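Starting off, we have a lone chain in the form predicted alone, written out as structure tokens.
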């Protein structure tokens, strides 16, 4: 028996070692399988997110096609024909991209809706776009009605596709989260047996979460990429700035735009959408291109706001969404500036003798049907229009004190003279006030009349 005891201990040690080796092999194999499964699910989720972005680009291109036709019917300028053809070609390319991206996912309902969307768009081109391009003066009223019918139907189809993609994205997100949770349980079990293995799993899980967060941040950046833009203006300097509050998984609803309506007229826009997320980001694109389309027909800012308010109420069914907006038309030869403000009070003009706040001329959009007023001011060389969102006036210091309109005007007055430097100075001062922690997104658009410029310059 004494000879058998060491043998038993050796055998037990060997068996325990063998058990530990087998258990470690199973744990490692399970870890690789989990990683592969999560990577596959995350890849599929990324494909759906890419399709979501491409879908919103499709909607933008559809609006560009429609606006180009309107511009052609009004002006008969071949520039709008080229714009229409370019948008149509890009639209077809995006359709191919979406189908190729979603092909491995086999989302049957999305493919059916996408096929219907393509069919309706093709029918719209045959029955509305082609006749209008051939004979821009014939049957305008009839074609406009048909265009409205097609547009409403396409909007419903896009909403259905968006809903299906959002559901698929959410399902993949839940699957990823579920897999991560299962990984945590498995890791906790192996922690009882293998401390080192638990540490390795924890490092892997941390790295995986970081990769997920980086991917989400990249997606949010892409969603913001097309929100705001500006173009050079004759006899003027243009400065812009945008800073995100970096809320977790939040996309800002701030948008600004500078768009030339003619050689001497420029459309200026800044708006703030209530809410966050992808819906708010998509709505900013709707705002920008819809306002541009309306401005082709109306140069009176109050008429632009009134028509947009009607379109917004019909297109957006969420009663909790509303928009504050400032729209102006600047004559870059005479420097007369006409504007209308829908509940947007963060608009100022800085002159040599101080800063003036521009009056609100109507209620916020999407709440009620009320008339909007138009105001006109004359700018002089050196004057600067400073249009911001409420991230400026509602900034709070560490004590909780609100900056307010008066505080914002003081910041504007002591900021740099040049347009871009002024915008950058405002951002720097706000970040200093709030302790580098913005509570809300901040968008700034500055248009300054050049020194030495004069009427008819």
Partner chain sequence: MRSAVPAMLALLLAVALAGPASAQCKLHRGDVVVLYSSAEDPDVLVWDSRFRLRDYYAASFDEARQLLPHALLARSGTRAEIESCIPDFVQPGLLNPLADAVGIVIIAGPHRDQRGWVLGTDLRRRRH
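Here the structure is a predicted model, which means the values were calculated and not measured. Throughout, rigid core stands for the largest set of C-alpha atoms superposing within 1.5 Å between the two forms. Numbering follows the first chain given and starts at 1.
Below: the form predicted in complex with the partner chain, not depicted.
Contact with the partner chain in the predicted complex, defined as any heavy atom within 4.5 Å, is confined among 119-127, 321-329, 264-272, 171-179 to 119-127. Remark: residue 424 does not count among the residues lining the partner chain in the predicted complex, judged by a heavy atom distance of 4.5 Å or less. The closest non-hydrogen atom of residue 147 lies within 4.5 Å of the partner chain in the predicted complex. The partner chain is not shown here, and in the predicted complex it never comes within 4.5 Å of any heavy atom of residue 112. In the predicted complex, the partner chain sits within 4.5 Å of a heavy atom of residue 63. Think of it this way: in the predicted complex, the partner chain has a heavy atom of just one of 333, 351, 156, 297 within 4.5 Å, and the residue is 156.
Proximity to the partner chain in the predicted complex, defined as a heavy atom within 4.5 Å, holds among 430, 419, 53, 59 only for 59. In this overlay on the rigid core, residue 288 has a C-alpha that sits less than 2 Å away from its partner position between this form and the one not shown.
Once the cores line up, the CA of residue 109 ends up 2 angstroms or more apart between this form and the one not shown.
Superposition on the rigid core between this form and the one not shown places the CA atom of residue 384 less than 2 Å from its counterpart.
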